[in-house]
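Okay, so here's just one chain, in C-alpha cells, the form predicted on its own.
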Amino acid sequence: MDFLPIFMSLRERRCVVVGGGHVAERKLALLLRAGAKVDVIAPALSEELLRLAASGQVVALRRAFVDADVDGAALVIAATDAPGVNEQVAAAAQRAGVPVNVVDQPEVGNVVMPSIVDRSPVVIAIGTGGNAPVLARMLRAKLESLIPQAYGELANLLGALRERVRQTVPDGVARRRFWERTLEGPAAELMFAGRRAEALANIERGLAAVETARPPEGEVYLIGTGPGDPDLLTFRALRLMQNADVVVYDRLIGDTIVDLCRRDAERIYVGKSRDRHALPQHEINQLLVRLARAGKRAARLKGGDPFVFGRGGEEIEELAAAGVAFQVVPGITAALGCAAYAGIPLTHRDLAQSCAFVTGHHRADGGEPDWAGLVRPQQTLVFYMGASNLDTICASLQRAGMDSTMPAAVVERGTTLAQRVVSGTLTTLPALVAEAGCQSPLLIIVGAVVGLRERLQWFEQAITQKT
C-alpha cells in the first residue's frame, strides 16, 4: 500500500490550516471535531472562518503564509487555490518534520485525508491514496447506510468493561472468543435497540459463565479458497478466516487471499510443489491435530475445493481419528473457475454431455489414468497438476484413439490478473505451451468445447479494457 492508515490524536494540539475558503472550512471542521487547536492563515478569510475566529474557536492570522508558521505544529493542511503556495507550505512542513496534507495535490504532501464514517469512538477511514476522492465518498455513503449509530455506544460499553474482562479472562484466546460471542449475540442487538441496561446484564451473565467454563476447544476449518480470484470466496469462508487463530496455507494461496484472514492470526506456510514440500502431507495432518488440541481455531486454506484433488479427505480422516472437531467449506474448484474465466464451457448441448476431472500427476508406482476410458464422444477432460506431463497426456490420448486435431488448451494462473490461455490441438499444444513458457499452476482442458473460446473469451478482454 502507498499510505499506512494511522489514527492520530490531535486533542489540545496545535494544527495549521493555510487557506481562507470553503475547502479550508471543511478541513478545519474535521480538526475541531478531533479537539485540535487550529491556526488559520490566509490574507482573506471566508465569513464562516471569521465567525469561528470571533467566537474564539480558532486563531485567525490574516496574512500570507511564512515558513515559520509550521514550527511546533502537529499537522499542517495546505488548502489554498494557489499551487505555488501549497507547494511552499508542504516544503516548509517537511523540512520541519511536520506531517502535511495538500488538498488536491496528494503527491506534494505526505498525508492524505480520508473519507470518514464517524460513530465515535468507532471511526472508519476510507482512502484511495488521493487518486479518487469521489470513489472514497461513494464507499463512505454505502458504509453509512450499513453501520448503525449505536455502534459507538456499544464500543463505549465494551471499553468500560475491558479491564474487568481482561482480569476475569486472562487467556488471550479465550478473551477474544468471549468478545466475539458477545458481539455476535443478543447484547449487540439490545444496544442497537437502545436497551443499554439489558445489554449490560446480558454481558454480565456471559462473563459469569466464562469463569466456570472449561478451557476453549480447538477446531479446524478446511476452507476451499477457489482458483485465485478473492472475489470467488464464499461468505462462510471469509467469516471463518476472520475467526481463525492460526492460518495454514500453501503456495497456491495468493497473498490477496491470506491477507483477508484476521491480521493478528498466526500464519504457517506449508508450501508444496512437485517434489518439494515445506512440510510433507502427513506432517501437515499432524500439525492440524496439534493446533486444535492446543485450543486453537485453525484455518487450513486449500486452493480450489478441498475435496477435488486437494487431499482434504486425507486431512479430515486424521482429524476424525484424533477426535478433533472440523468444518469443511467448499470452494470453486479450479476446473470450474478457470474454464469460466477462459471462456470455455465444460459442457454444451451440442458438443459435450459429460466432463471428467483427471489428475495429470502420475503416481510414483506407475499408476496412470484409464486412457481408453477417457476417450469418449462428447466428453470434456480437465487435467489437474499436469504441467510436467503435458506431452505425455496429449500423446497418450492420441494413442488411445482421440483425434489429433481435438482442441485443447492450457489455462495458467486462472481467474487472476496474471491469467494466460494457450490453445491449440492435441498435436500442437505442447510446443505452443513450451514456447509461451507457461508454468504451474495450470490446468489442461481437452475437448470440442475449447473451440468456443475464440468467441466466448471475456476475462482477458475485460482486463485489456480496464488497462
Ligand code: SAH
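From 1 onward, residues are counted along the sequence shown. All values derive from a computational prediction rather than experimental measurement. The term rigid core refers to the most C-alpha atoms you can superpose between the two forms while keeping them within 1.5 Å.
The next section is about a form of this same protein that is not shown, the form predicted together with the named molecule.
- The partner is absent here; in the model of the complex, the one residue of Ala36, Val411, Leu49, Leu429 having a heavy atom within 4.5 Å of the named molecule is Val411.
- Put simply, of Gly310, Pro230, Gly109, Gly218 only one has a heavy atom within 4.5 Å of the named molecule in the model of the complex, and it is Gly310.
- The closest heavy atom approach of Asn86 to the named molecule in the model of the complex falls outside 4.5 Å.
- Interface membership of Thr333, defined by any non-hydrogen atom within 4.5 Å of the named molecule in the model of the complex, is confirmed.
- Interface membership of Tyr384, defined by any non-hydrogen atom within 4.5 Å of the named molecule in the model of the complex, is confirmed.
- The closest non-hydrogen atom of Asp305 lies within 4.5 Å of the named molecule in the model of the complex.
- Exactly one of the stretches 434 to 442, 58 to 66, 27 to 35, 401 to 409 approaches the named molecule in the model of the complex with heavy atoms within 4.5 Å, and it is 434 to 442.
- Taking the named molecule as positioned in the model of the complex, the only residue of 240 to 268 that brings a heavy atom within 4.5 Å of it is Leu252.
- Positional change of Cys438 between the shown form and the other one reaches 2 Å or more at the C-alpha, relative to the superposed core.
- In the core-superposed comparison between the shown form and the other one, Val329 has its Cα shifted by less than 2 Å.
- Comparing the forms between the shown form and the other one, the C-alpha position of Thr182 differs by less than 2 angstroms, with the core used for superposition.
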